[in-house]
Ligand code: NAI
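Encoded as structure tokens, the following chain is the form predicted alone, with no partner shown.
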Amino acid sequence: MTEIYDIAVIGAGPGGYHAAVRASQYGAKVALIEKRNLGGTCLNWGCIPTKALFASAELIQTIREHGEEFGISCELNINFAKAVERKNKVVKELVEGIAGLEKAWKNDVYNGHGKIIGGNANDGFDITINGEETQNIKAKRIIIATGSSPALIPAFNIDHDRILTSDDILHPDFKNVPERLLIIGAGVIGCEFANIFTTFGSKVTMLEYLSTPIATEEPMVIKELQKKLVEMGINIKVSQNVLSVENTGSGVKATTCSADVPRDQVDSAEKSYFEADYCLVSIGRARESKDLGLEELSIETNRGAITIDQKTCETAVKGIYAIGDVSLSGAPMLAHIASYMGDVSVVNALVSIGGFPVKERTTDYKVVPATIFTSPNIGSVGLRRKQAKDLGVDIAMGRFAYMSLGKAKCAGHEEGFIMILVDKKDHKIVGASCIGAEAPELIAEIALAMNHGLTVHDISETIHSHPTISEMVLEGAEDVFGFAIHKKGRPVHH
């Protein structure tokens, strides 16, 4: 007899496994289908393993840069293989933790490739699961959360041998530090890997098409990060159009020309050549939407992204939803966006079934925090100054440096600053950027304030514990109108 579920979730990444647990919390009978590992890209080949390696790199950097002044003198014996083993252990434990959670909520986990083979919202959908054996189930509603994978760009000849994706370089068995590492793309992923491998001893060169690394951030933040990356010995080459990458047998060779050269003049343009032992390609993600039965159901995709109602997460077929990287959501491809969309799609699916204690929800992406785990860390939320100007928002800005904060000085975290943007009209916060110690954690407080329409005064009138790094937010908020205690300013009365 075919098992019938209220909701079947295809894909067990941060959107899928989250949605499965959430649906069970509301009393739904849930099937979770995953063809690889629970946790998806984020846990197995993305966010978590990179942060585990970054934690090792950060500790090394701290001892190198501050050991003597903190009274610590020692000979560092750096063992990348040990750091990888720790990373693998962290991933394994978290994957096991997710399996335990799904079991605790009595969700049925199927290992295999899920495909929708027919049905509708009235009679339920039929799903076939191809794993070690073929299984068939039925679900009243479906949430597709199959995520994305590194794009295999033909010109870069990714061979998974010397020309690698982020999945390859985070493989559990990749335990050797390349003497020379070439990184294509100086976005979030590229900068994080550059930081990690430089610390472990690689000579890193980065090739970026745009005129600056992490171009989506505030110019002052970019300048601060670029200065630190250069100090670390990273060679950053911007405005580089990478034409090809080849495996030479003993290494790799990339050919570039200026990004300013028109496409029809590339062949005759002056070329530059870069050689290394390995090349990491850190640009582009491909949506995992193939062979899900979408075409047969007439569910549209755009370059692999599943078209959805961006408010409800529902596709053109009633009863089928798509979330996270695989969906055309209009939001950034971030793990926490996938989890958020999971919450929205679950309640909307259960409302349409009926009989569950939920109310319909719609998405709102106005307040989405973003983080970059380089040294120093970066956190941002809301508008940047240029965006605010383009939108016609008259802003006031508060800016406060870590070097002026007691706790930061005690901990040796004196690099960086926080900046908070406020609409002069109503004094509500419209954006913030931070580069420095615990920046992603500091941004969370500002995101909460923005999400609830608080003013900058609501933050500055809130007592913050002393001495803490969180006082960066307090001082930054006070500085908007010139009232920061630990910074000379000119108060603007309001």
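Worth saying up front: this structure is predicted, and the values here are computed from it rather than measured. Residue indices: 1-based, along the sequence shown.
One more form of this protein, predicted together with this ligand, exists but is not displayed; see below.
Student: Heavy atom to heavy atom, is V177 within 4.5 Å of this ligand in the predicted complex?
Tutor: No - in the predicted complex, heavy atoms of V177 and this ligand never come within 4.5 Å of each other.
Student: Any chance K138 has a heavy atom within 4.5 Å of this ligand in the predicted complex?
Tutor: Contact check for K138: no, nothing within 4.5 Å of this ligand in the predicted complex.
Student: Please run the contact check for C257 against this ligand in the predicted complex: heavy atoms, 4.5 angstroms, yes or no?
Tutor: So C257 does not count as contacting this ligand.
Student: Would F80 show up as a contact with this ligand in the predicted complex if we use heavy atoms at 4.5 Å?
Tutor: No, F80 stays farther than 4.5 Å from this ligand in the predicted complex.
Student: Report whether all of L383, Q387 and G431 sit within 4.5 Å of this ligand in the predicted complex, measuring from non-hydrogen atoms.
Tutor: Answer is no for this spot.
Student: For the chain seen here without its partner, which of 309 to 317, 89 to 97, 68 to 76, 181 to 189 has a heavy atom within 4.5 Å of this ligand in the predicted complex?
Tutor: Correct option: 181 to 189.
Student: Between the options Y278, F125, Y340, F373, which residue brings a heavy atom to within 4.5 Å of this ligand in the predicted complex?
Tutor: The option sitting close enough to the partner is F373.
Student: Which residue among V204, A349, I418, L207 has a heavy atom within 4.5 angstroms of this ligand in the predicted complex?
Tutor: None of the other options qualify; the answer is L207.
Student: Can you tell me which bits of 260 to 284 touch this ligand in the predicted complex, meaning any heavy atom within 4.5 Å?
Tutor: Contacting residues: S282, I283, G284.
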